[in-house]
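In the block that follows, a single chain appears as structure tokens, in the form predicted alone.
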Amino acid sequence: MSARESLLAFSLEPRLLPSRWASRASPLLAMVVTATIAGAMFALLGASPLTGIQALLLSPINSASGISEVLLKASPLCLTAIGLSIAFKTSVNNIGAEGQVILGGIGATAVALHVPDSMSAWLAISLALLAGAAAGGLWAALPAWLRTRFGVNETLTTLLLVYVAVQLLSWLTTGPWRDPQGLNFPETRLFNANMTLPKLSDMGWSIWDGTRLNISAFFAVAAAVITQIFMTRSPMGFRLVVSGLAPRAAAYAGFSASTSIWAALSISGALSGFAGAVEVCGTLGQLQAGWVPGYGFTAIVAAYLGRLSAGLIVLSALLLALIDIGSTNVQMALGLPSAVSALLQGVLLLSILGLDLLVRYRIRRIA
């Protein structure tokens, strides 16, 4: 047998009963693999692996300010990932959550720019957040319509709509919504005080004094709890899960495939839009042309790292937020490239997918 033939003399054989222990342990092992590769990468770039790991994983959480920044980054990421988990569980490939996040920010801004100062802060913020969720849901409904009406694959349409959303954002911030007092910067005016999410320090949480942390963290936890109940206890959640796991069984039971697609994409888009509204009404306080947060793509990693489980997604979002902020620390402390964060997230996703493959299949040599 030639060397080429020997390399190809392997096949993947499905395991009759995949190990539940291995399935649960694979995310942790994926983190270990990622940390090992990160250390090797730091060494190849001429930096100390231990110093790099410390700057990446420990320095962001050595103070209340650092922890608050991790929570601020994790909150919209968690909301978006939870939305994606609903779509993925229904076997609907919503790859364009980034566009839905942007539309959520646009929807919230549309309310923020027209709400009077005299309106109650809670009412004004609620309207903005609901507008953001509605905008994200409607943006995701377009691929749902194309899929159910014309059979167009939603992977393509959701992704392409991201670029449309970016162009719409640019047009609004350089055109009709541009701040006339903004020195020609492509951004809207700052939102009124009644349109910004309250900070925890202003609500009596003295531990967060001097930080930017707002109530967005509570939204992420609430979304995780509600989604877990919805997917496990409600009839609609049951239909979505069955439609994803066994489409033929769902059809036999009378579950409408079109309804499942519409529901999965709309709910997913609404949560992503809500995340965009939270970001705009929280840390930004205005809409900017350069605001392309990247949550929609990072959330794909968070969703799969969290096993598409709302509770575990909260933890995976915290981990990815930690890596993102830690990568900035690595860049400043060690002078490494800014692409470290995206690289490590990619390694983490590939590690998860590779280990999941080994959990479900065994490698068998062809005789």
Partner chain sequence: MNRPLIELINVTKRYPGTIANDKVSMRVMPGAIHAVIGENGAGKSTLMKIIHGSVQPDEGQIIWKGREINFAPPQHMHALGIGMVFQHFALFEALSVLDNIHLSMPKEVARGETGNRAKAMAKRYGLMLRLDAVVGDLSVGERQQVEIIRCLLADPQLIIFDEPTAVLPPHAIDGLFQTIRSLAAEGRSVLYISHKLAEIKSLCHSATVLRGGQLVADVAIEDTPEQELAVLMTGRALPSYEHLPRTMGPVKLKVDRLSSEPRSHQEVQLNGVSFEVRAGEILGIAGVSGSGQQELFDHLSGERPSPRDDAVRIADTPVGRLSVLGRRQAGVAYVPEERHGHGAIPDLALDQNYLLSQFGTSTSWFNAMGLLKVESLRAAAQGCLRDFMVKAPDCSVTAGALSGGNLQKFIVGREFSKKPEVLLVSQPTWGVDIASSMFIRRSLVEIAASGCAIVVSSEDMDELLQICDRLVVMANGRTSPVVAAGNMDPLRLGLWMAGMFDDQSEPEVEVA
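Residue numbers count along the first chain shown, from 1. Worth saying up front: this structure is predicted, and the values here are computed from it rather than measured.
From this point on, the text means the form predicted together with the partner chain, which you will not see here.
Contact check for Y163: no non-hydrogen atom falls within 4.5 Å of the partner chain in the model of the complex. Among heavy atoms of P180, none comes within 4.5 Å of the partner chain in the model of the complex. Within this chain, R233 lines the site of the partner chain in the model of the complex, having a heavy atom no more than 4.5 Å away. The closest non-hydrogen atom of G254 lies within 4.5 Å of the partner chain in the model of the complex. The three marked residues, A25, L28 and I53, fail to reach the partner chain in the model of the complex, with no heavy atom of any inside 4.5 Å. Proximity to the partner chain in the model of the complex, taken as heavy atoms within 4.5 Å, picks out 244-252 from the listed stretches 188-196, 146-154, 244-252, 122-130. Only one of M203, A222, I207, I229 lies close to the partner chain in the model of the complex, with a heavy atom inside 4.5 Å, and it is I229. Contact annotation: of the candidates W171, F297, W262, F238, the single residue with a non-hydrogen atom within 4.5 angstroms of the partner chain in the model of the complex is F238. Residues from 103-128 do not approach the partner chain in the model of the complex: none has a non-hydrogen atom within 4.5 Å of it.
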